[in-house]
Structures are given as structure tokens and as C-alpha cells.
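Before any questions on how it binds or moves, here is one chain, the form predicted alone, in C-alpha cells.
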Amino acid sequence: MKINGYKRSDGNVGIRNHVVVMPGVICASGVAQKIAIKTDVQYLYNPNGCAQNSKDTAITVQILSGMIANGNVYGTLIVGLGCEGISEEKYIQEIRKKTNKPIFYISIQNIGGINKTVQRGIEIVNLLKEEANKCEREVCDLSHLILGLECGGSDPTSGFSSNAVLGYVSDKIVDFGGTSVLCETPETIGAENILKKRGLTSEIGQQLYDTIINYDKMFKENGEDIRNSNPSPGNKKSGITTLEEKSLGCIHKSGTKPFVGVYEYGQIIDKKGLVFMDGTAYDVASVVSLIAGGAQLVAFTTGMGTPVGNAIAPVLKITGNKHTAEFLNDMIDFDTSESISGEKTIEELGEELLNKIIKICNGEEVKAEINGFSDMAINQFHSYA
């Protein structure tokens, strides 16, 4: 199966052709945002960049460099302040490990204030836009697609409708040689023995099992029980009773294929097939980690509805709740509730969703893009941190 994407010089393929402006530190956010607004390009918010310990800094750089390296990005301007902890050299060094695409860096303190920096930034971004506009979509194999699997605002319909349909699509993506990524480690707790058996090898299965168990232990070692906060109040109100119940519904997104790899939070994904990423239950930070890992598209199931979007990749909203699909129509892209009413099968809806994904890969916008949403968060509380 084919898509029309943007072939990058580093070998990646994008389904969007973004020029991005990102502050190197939160102190430079206002200036970076001025440049992005004046040039009408994507603004990638950076909530960090300074005053972090070494482990948190490493996670921040891992995530931001991965998002810049994502195939959906043509080139990036980083706007620094000049005295922050994550230096120009550190950003460039980490980005160059992942991609050779155009990267520029300017500093407010070195250039001479807000106005001069904005003017210089506009000049650089306009040059990037001029070059990006020369890129044209080309026929690419679907095997280049990395599909992130996400859920949030779940209700009971998520587990047996939208997640089941997405699981069918995940299997199809793998069959076509592409990559599908299950994330959200906390929402696999209670299903670890099931997932362990789905490792391509016993070593992968054990690694996946250990990753889930360690996440549970991490909370307990910090004096918390994750089951006190997950399911969320909204999950419980909608009818989900326990974390284990939620997890059993969550893993339906991964379909039936064997897991061929386990990745850390935001780590670049370099395998084809179904893989697991050690991610957070915090929706925005989980979406961010998938995109930092290379996902050009995130399929996000939701029972109660959520408007979450991202600056780098489309976030496709899928619901199995007919009321949500109708009442929150301006944030939902695909409705699987006909699998509940019996009007259509999981397989029929799966084929329709796959066709929707192909259209998005070819340029069709999702609701989050139309609404201009670009949410950003980086998880710092993590098992390997």
C-alpha cells in the first residue's frame, strides 16, 4: 500500500512538511513565538531548557531533538537566550545524532535584544520556508509509516469498540511492513502477563513484562499506589472500575501481532513491526514521546472526548461512544460506535479507519490541526530516569 509523503535526506518520510520555531529555553518563549506568528510556521513550545538535574536534562534533550528529527519536519530554528543550561552545542550535537536536516540557532543575548532577534529569526525562517516549499509529495511505501497508539478520556466503549478497531488497523500497518507503537506503561499494569506472551522472543517478552512491573514499583517506592489515581475520576464516572480493567481495554489497541522491541520514553524507533514504548499515562506527554520516537501520526482513542493536538504530527481522534461523536463533533475524527450497535463489524470499521489514515498521510487535516492545537509536555517522573 502507498502514501504520498515527503522524502527526507536522512532517509525518513514525513506526512507533513513543517518549518518549526522552538525556544531553546522557556525564557526565550515569547521571542520564539513572535517569530513563529509573524512567519506563520509551527511553534514548538519548550517548557524547560534550564535549571534541571542531569537526568531531567537528558530527557528534555531526548524529546526535543527527537521531535525536530521527526520526518514531518523540514527544518527548525531554535531561539536561545544565551545563559541557559542546555546550550546551542548540546542541542546541535543531539539533533545531529538523529538527522542532517537544516537546523539554525540564534541567541537573544548575543544578537542584541528582542527586536533584533525577531528580525533575524524572520529572515532565517523565511529562507527555510522557501526551501521547504520546493519539497513535493512523492509516492512512498506505507512501510515508512510509524503509527503511535494512544488513548485518553477513556470509557468502557474504548476497550471494546474504538481500541478494538484500532487494533485491527495496527495489525494491517504491520502487515504492510510499517510500525505500530503501543505506549502508556501504567495502562498495561494488570495485563503484563498477557503482553509477556506476545514478545517475538522470550527475551523481548521478559523485557516488556519487567518494564511494566518496574513502573508499578516506581510509584510504590515513592510512597504512592498508582491505582489511587488511575483510573481517573472521569474514567470511573464513565464506568471503568479498576486499573486492571482499563489496561485490558487499553492493550486492544495493539492488535494481535508479536512485539519486536521495547523502547524507552521518546527513544528513536528503529524497528519495523509492533513495538512498545515505556511511556506515561499523561496523554499529552505520551503523545509527545511517540512523536519524538518518530511517529508521523498518532491515533488517539477517547470515550469521553479530548481536543489534544501536537505541533509536529496529526493526532487523529477516534471514539466508540456515539454521544461523544455527535456532541463533541468538532474534536472527533472517526466514530466506531456502529460496532456496538451491530451495524458494522470491527473489520469493516477497521478498513474504513485505515482508509482515513491513508487520506491523513496524503494531507487531509484532522480536527486538532484544523483547530490549531499544539499541546506540549515532557514527562520527568519515569522509571529509567
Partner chain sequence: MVNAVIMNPKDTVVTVTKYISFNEDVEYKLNKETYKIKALSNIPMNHKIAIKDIEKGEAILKYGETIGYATDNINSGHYVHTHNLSSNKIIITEVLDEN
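Please read all numbers here as calculations on a predicted model, not as lab measurements. Positions refer to the first chain, counted from 1.
Separately, the form predicted together with its partner chain exists; it is not shown, and the next lines address it.
4.5 Å heavy atom contact, Gln207 to its partner chain in the predicted bound form: Gln207: no, not in contact with its partner chain in the predicted bound form.
Exercise: Thr241 in contact with its partner chain in the predicted bound form, heavy atom 4.5 Å: Yes, Thr241 lies within 4.5 Å of its partner chain in the predicted bound form.
Its partner chain contact at Gly273 in the predicted bound form, heavy atom, 4.5 Å: Gly273: no contact with its partner chain in the predicted bound form.
Gly159: touches its partner chain in the predicted bound form, heavy atom cutoff 4.5 angstroms: Because a heavy atom of Gly159 falls inside 4.5 Å of its partner chain in the predicted bound form, the answer is yes.
Candidate stretches 89 to 97, 242 to 250, 277 to 285, 165 to 173 - the one whose heavy atoms come within 4.5 Å of its partner chain in the predicted bound form: It is 242 to 250 that comes within 4.5 Å of the partner.
Answer option from Ile114, Ile194, Cys135, Val139, heavy atom within 4.5 Å of its partner chain in the predicted bound form: By the 4.5 Å criterion, the partner-contacting residue is Ile194.
Residue among Leu328, Leu354, Cys50, Ile340 with a heavy atom within 4.5 Å of its partner chain in the predicted bound form: It is Ile340 that has a heavy atom within 4.5 Å of the partner.
Heavy atom distance at most 4.5 Å to its partner chain in the predicted bound form, all of Asp155, Arg227 and Lys237: The answer is yes; Asp155, Arg227 and Lys237 each reach its partner chain.
Stretch 284 to 318: residues contacting its partner chain in the predicted bound form, 4.5 Å heavy atom cut-off: Nothing in this stretch is in contact.
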